[in-house]
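One chain comes next, on its own, written out as structure tokens in the form predicted on its own.
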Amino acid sequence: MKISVLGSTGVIGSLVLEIAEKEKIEVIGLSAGRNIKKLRKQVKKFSPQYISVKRKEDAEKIGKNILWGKEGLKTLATLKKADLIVIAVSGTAGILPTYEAVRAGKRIALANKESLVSAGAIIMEEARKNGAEIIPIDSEHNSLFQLFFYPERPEKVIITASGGPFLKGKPEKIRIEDVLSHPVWHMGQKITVDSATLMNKAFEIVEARWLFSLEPERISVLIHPQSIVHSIFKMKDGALIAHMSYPDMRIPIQYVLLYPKRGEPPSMTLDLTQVRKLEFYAASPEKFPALGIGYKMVSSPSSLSALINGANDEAVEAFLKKKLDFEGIIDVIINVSNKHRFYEPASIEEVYQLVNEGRQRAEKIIEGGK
């Protein structure tokens, strides 16, 4: 088994390498953004044949034959020797390598939400045409992937959300450190902010549509603070079939790396005798406006999702730079989406144009423009 890991220095990429080392999986490609110090350590440990970084100047510092930029990502996403391409690149940078990997007919372990949110129709069509296989790493979609081996298709799928750090109420003044203190999961800054606003769940609604060919009305969300039940099938006769595990990303990551086989537990095994309670609450768009955005995206032409993806990127970045307060993130996204003309983008270039338009329009709003 040989893998190429794009986004190797992030939280997910690092866990992928941890599991790869445990399972003696050969790592032939590594790509990173700007965390060159961590990348050097990974290169020393795994001795990959291919290395890529974000910037040319970093490539030159590391040594000869180091790839960089979009072409570097494209190369690592299409390696002929790789049995599995892990795409753990964060943000819109993950769209292009995902697209190139499906065009090359690869098996892909996908941890990048933006790919399917922005370009789901295009990417899934290319996957069908080229025989590519996408296995989601994200805990909710990974659990749905496993549930879909059940012989009957469900009437409805339910994905769960922890509710983030403010489920029981928000402080009067929300600080960045409050937002980044997720009660269950340890993740990068961007996705942790998205978890607090619930935009990550809005994006997961869109992902579920494309990954499993689901009509919008068959996707719903429940708030589940313990994050033990990751997804649920609701069957025609009213039966509920749930997928449960201890909330640790090592579990879905190992499943994807070893698929279709299973390995020994990579972390704590869920002991139901120690589970004191499992809580579930309604996730109404009125209480959680991000979910309303998610249902609007999944029911609209794909241009809206790409636009909102860019707007969310810009708004979260502004929040982390203290240019925008927490509540303003959703306000900016709604403002941008209310002024959009819907259509289906015909190419990956159009998708990037929409993402950039979303960023630019969000930036103007944040700066006080019209």
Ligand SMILES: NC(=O)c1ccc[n+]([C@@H]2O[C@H](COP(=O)([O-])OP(=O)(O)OC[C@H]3O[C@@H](n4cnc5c(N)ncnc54)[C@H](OP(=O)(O)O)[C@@H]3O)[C@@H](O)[C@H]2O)c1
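Being a predicted model, the structure only gives us computed values, none of them experimental. One-based numbering along the sequence shown.
Beyond the structure shown, there is the form predicted together with this ligand, which is absent from this document and is the topic of what follows.
**Q** Is Ile176 close enough to touch this ligand in the predicted bound form, meaning at least one heavy atom pair within 4.5 Å?
**A** Ile176 lies outside the contact set for this ligand.
**Q** Asn35 versus this ligand, in the predicted bound form: is there a non-hydrogen atom within 4.5 Å?
**A** Asn35: yes, in contact with this ligand in the predicted bound form.
**Q** According to a 4.5 angstroms non-hydrogen atom cut-off, is Ser90 in contact with this ligand in the predicted bound form?
**A** Output for Ser90 is yes: heavy atoms within 4.5 Å of this ligand.
**Q** Give a yes/no on whether Leu17 approaches this ligand to within 4.5 Å in the predicted bound form, heavy atoms considered.
**A** No, Leu17 sits far enough from this ligand in the predicted bound form that none of its heavy atoms falls within 4.5 Å.
**Q** Using a 4.5 Å heavy atom cut-off, which of 287-295, 108-116, 220-228, 122-130 contacts this ligand in the predicted bound form?
**A** Of the options, only 108-116 has residues within 4.5 Å of the partner.
**Q** Check each of Val256, Met249, Leu96, Ile158 and return the one that places a heavy atom within 4.5 angstroms of this ligand in the predicted bound form.
**A** The residue in contact is Met249.
**Q** If we check this ligand in the predicted bound form, which of the residues in 45-79 reach within 4.5 angstroms of it by a non-hydrogen atom?
**A** Lys54, Leu73, in sequence order.
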